[in-house]
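Shown here is one chain on its own, the form predicted on its own, set out as structure tokens.
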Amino acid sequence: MDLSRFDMFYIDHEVLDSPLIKRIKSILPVEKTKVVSKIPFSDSKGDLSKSEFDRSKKNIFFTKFKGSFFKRCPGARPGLSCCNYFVLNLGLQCDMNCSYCYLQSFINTPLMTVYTNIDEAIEELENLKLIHEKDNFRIGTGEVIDSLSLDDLTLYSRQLIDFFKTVPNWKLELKTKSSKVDHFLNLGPAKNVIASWSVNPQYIIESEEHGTASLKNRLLAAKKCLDSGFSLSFHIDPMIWHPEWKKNYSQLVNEITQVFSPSDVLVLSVGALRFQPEQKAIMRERFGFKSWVTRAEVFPSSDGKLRYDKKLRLEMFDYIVKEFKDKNPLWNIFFCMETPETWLKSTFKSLPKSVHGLKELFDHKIIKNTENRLSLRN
């Protein structure tokens, strides 16, 4: 791992004896490592400025998480079609720098945080397993931190993969924009572990997804995972309008389908640019008006976010679905964080639970039964 791109590594004095710190302390640059008794930069008040947000991506704080690691996906909210997703948070903030990243308004942390007590996270999963072993959980680790961009340092994927091998009904999704997979490939095969990539045309990666792996390297990493016996998924999310969007997204479909077939990929989700209203000013301060994101014409939607208008979203969704289906009708595609109305007016012309291959993802009986059991336990 290239540690030179980080300014400082702060270690909470309470976690010096944790297995993670004992293992990595010898590889952290001595001149960039500091043991602390409080959160660094905690004197920063209010919303982060551009320079403070940029700084947050270059400093890492290792500490213990004192809350619940396991929770429902934040996309599960009234008015949206939810895909039965849970999250396991092992850190906070991302070292990549995408112009549209929702963390810009979702969190206000002065630096990246890595939680050292993964043993407690796995213990939490072990306790859930006692009651929910036969439920079809989908659990991802990429909600508020990229699943793999720091994983060659923490090696958390290896511990998680070992656990999920014991619960074949559960699925673990490692969602990333990096290409860091070599350190866990020897743990395959594990079909219930999904190596998952957010992808966009290379043009959008270069203009909007700063500090991420190229499309070529993401697809190469995905092929390595497939060959090692892991499952795959891709997320074309967010689709971003620009004058040559049809040409570039068509090329993206070509690049994916030249390497992978529908049988290689469990699901492929599609979503469009969306963000909280307060994020607009933050993005413009950080990225100016050269970004297609900050120049986007967006409107308030029923969930309070700003989105492209429905007509444009439908045009973009239908276009890319048709591109995939023309290659092979067996591609299993769904829309991410979209309204039932969008599904009904799209090329699917039905709600997701009625679409072949998507029933399990959108059958909310699973969620309701799980939440009832969890509430009884608490």
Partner chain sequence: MITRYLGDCNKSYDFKPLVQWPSTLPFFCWDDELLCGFDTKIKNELQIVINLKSSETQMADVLAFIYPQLTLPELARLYTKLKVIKEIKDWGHFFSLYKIRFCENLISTLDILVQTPISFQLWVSQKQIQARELSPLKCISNFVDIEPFLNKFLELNLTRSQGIQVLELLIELIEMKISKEVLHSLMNGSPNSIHVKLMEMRYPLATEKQNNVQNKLDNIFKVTGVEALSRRYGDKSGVEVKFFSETNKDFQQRLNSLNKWYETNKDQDWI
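Residue numbers count along the first chain shown, from 1. Please read these numbers as outputs of a predicted model, since none were measured by experiment.
What comes next is about the form predicted in complex with its partner chain, which does not appear here.
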Please determine, with the chain shown alone, which of 60 to 68, 44 to 52, 31 to 39, 322 to 330 has non-hydrogen atoms within 4.5 Å of its partner chain in the model of the complex. 44 to 52
Look up in the model of the complex whether His235 has a non-hydrogen atom within 4.5 angstroms of its partner chain, and give yes or no. no
Residue-level contact is defined here as any heavy atom of the residue lying within 4.5 Å of its partner chain in the model of the complex; does Arg218 satisfy this criterion? no
Please tell me whether any heavy atom belonging to Lys165 falls inside 4.5 Å of a heavy atom of its partner chain, as the geometry stands in the model of the complex. no
Contact flag, Arg307 vs its partner chain in the model of the complex, heavy atom cut 4.5 Å: yes
Proximity to its partner chain in the model of the complex, single hit among Glu123, Glu285, Asp264, Asp182 (heavy atom within 4.5 Å): Glu285
If you check Thr109, Ser269, Thr257, Thr294 against its partner chain in the model of the complex, which one has a heavy atom within 4.5 Å? Thr294
